[in-house]
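Okay, so here's just one chain, in structure tokens, the form predicted alone.
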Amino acid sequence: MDILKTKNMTKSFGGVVANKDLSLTIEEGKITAFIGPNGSGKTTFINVVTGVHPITSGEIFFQDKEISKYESNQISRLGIARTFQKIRLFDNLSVIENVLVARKSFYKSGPISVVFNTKKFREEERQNKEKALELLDLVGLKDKAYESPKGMAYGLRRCLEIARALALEPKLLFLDEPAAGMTRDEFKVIMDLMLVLRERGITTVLVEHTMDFIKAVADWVYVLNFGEIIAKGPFDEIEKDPVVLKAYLGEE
């Protein structure tokens, strides 16, 4: 079953066409990867689907509901979350507080309950804190829950950003270069996490340049070049495709 579908999705910036007539599907419960040279339109695809940039033309469907004109906050509420190439954390908050910020939409208590610290509000706080600690444990950061993320290693900060995205309880998760700049050990943590998320039924879309990462986790791969799909299929087929070798992986 497809969780996301685009029809002739196009995004132009002035005279530059970043995505051109993209018609594709993302299968529910699978890990789908987008690869391609820098500037091929991978991040633009994520930005358009998640409402960061408005679509120029075409259609986007999430669980058969058209979301082409939705704002980013509307899209998030439907169950789509993402991370960014550049990590965006609140360094003035603790690790667990960074995750709890993303849980704010799960609070049902009104302002009066908060001011008077009612039983209902305290119970919501307890439940959301438990959920935040569960997610931090999942990404290997539970022991750092009350520390500041400011001085943490790059890979750990990336793990925290993923935990914060997961705090939204997404049905579809976009990860923009999750392994970029990581050490080999950090790289393996993220790779193992992707496989755990698949076991939990979370559909994941990756933009990544590390081919070992893609080979290890991706069920399906789309290759973009100049904003268009030039190949698609399992990684084992993609890495042998002469069109891909010429456009992206290079030829001997």
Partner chain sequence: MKKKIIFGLIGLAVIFLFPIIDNNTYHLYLLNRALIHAILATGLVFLTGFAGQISLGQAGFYAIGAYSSAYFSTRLGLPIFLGIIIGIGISVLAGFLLSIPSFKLKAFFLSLVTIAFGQIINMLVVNLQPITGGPYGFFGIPFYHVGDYMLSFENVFWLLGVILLFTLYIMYKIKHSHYGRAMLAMNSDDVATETCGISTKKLKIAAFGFSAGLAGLAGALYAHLAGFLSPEPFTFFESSNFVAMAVVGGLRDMLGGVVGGIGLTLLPEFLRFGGWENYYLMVTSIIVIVIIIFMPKGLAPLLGNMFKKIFRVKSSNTKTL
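Numbering follows the first chain given and starts at 1. Computed from a predicted model, the values in this text were never measured in an experiment.
One more form of this protein should be noted, the form predicted in complex with the partner chain, which is absent from this view; the next part is about it.
Asks: For the three residues 71, 82 and 100, verify that every one has a non-hydrogen atom within 4.5 Å of the partner chain in the predicted bound form; reply yes or no.
Replies: Yes, because 71, 82 and 100 each have a heavy atom that approaches the partner chain to within 4.5 Å in the predicted bound form.
Asks: So which of 156, 162, 168, 182 gets a non-hydrogen atom within 4.5 Å of the partner chain in the predicted bound form?
Replies: Among 156, 162, 168, 182, a heavy atom within 4.5 Å of the partner chain in the predicted bound form occurs only for 168.
Asks: Pick from 123, 91, 134, 147: which has a non-hydrogen atom within 4.5 Å of the partner chain in the predicted bound form?
Replies: The residue from 123, 91, 134, 147 that makes the contact is 91.
Asks: Does residue 111 reach the partner chain in the predicted bound form, with heavy atoms at most 4.5 Å apart?
Replies: Yes, residue 111 is a contact residue.
Asks: Is residue 127 close enough to the partner chain in the predicted bound form to count, meaning some heavy atom within 4.5 Å?
Replies: Close contact is absent here: in the predicted bound form, residue 127 is far from the partner chain, nothing within 4.5 Å, heavy atoms only.
Asks: Residue 142: heavy atom within 4.5 Å of the partner chain in the predicted bound form?
Replies: Residue 142 lies outside the contact set for the partner chain.
Asks: Evaluate residue 104 for contact with the partner chain in the predicted bound form, applying a 4.5 angstroms cut-off between non-hydrogen atoms, and reply yes or no.
Replies: Residue 104: contacts the partner chain in the predicted bound form.
Asks: Taking the partner chain in the predicted bound form, which residues along 47 to 66 bring a heavy atom to within 4.5 Å of it?
Replies: Stretch hits: a single one, 52.
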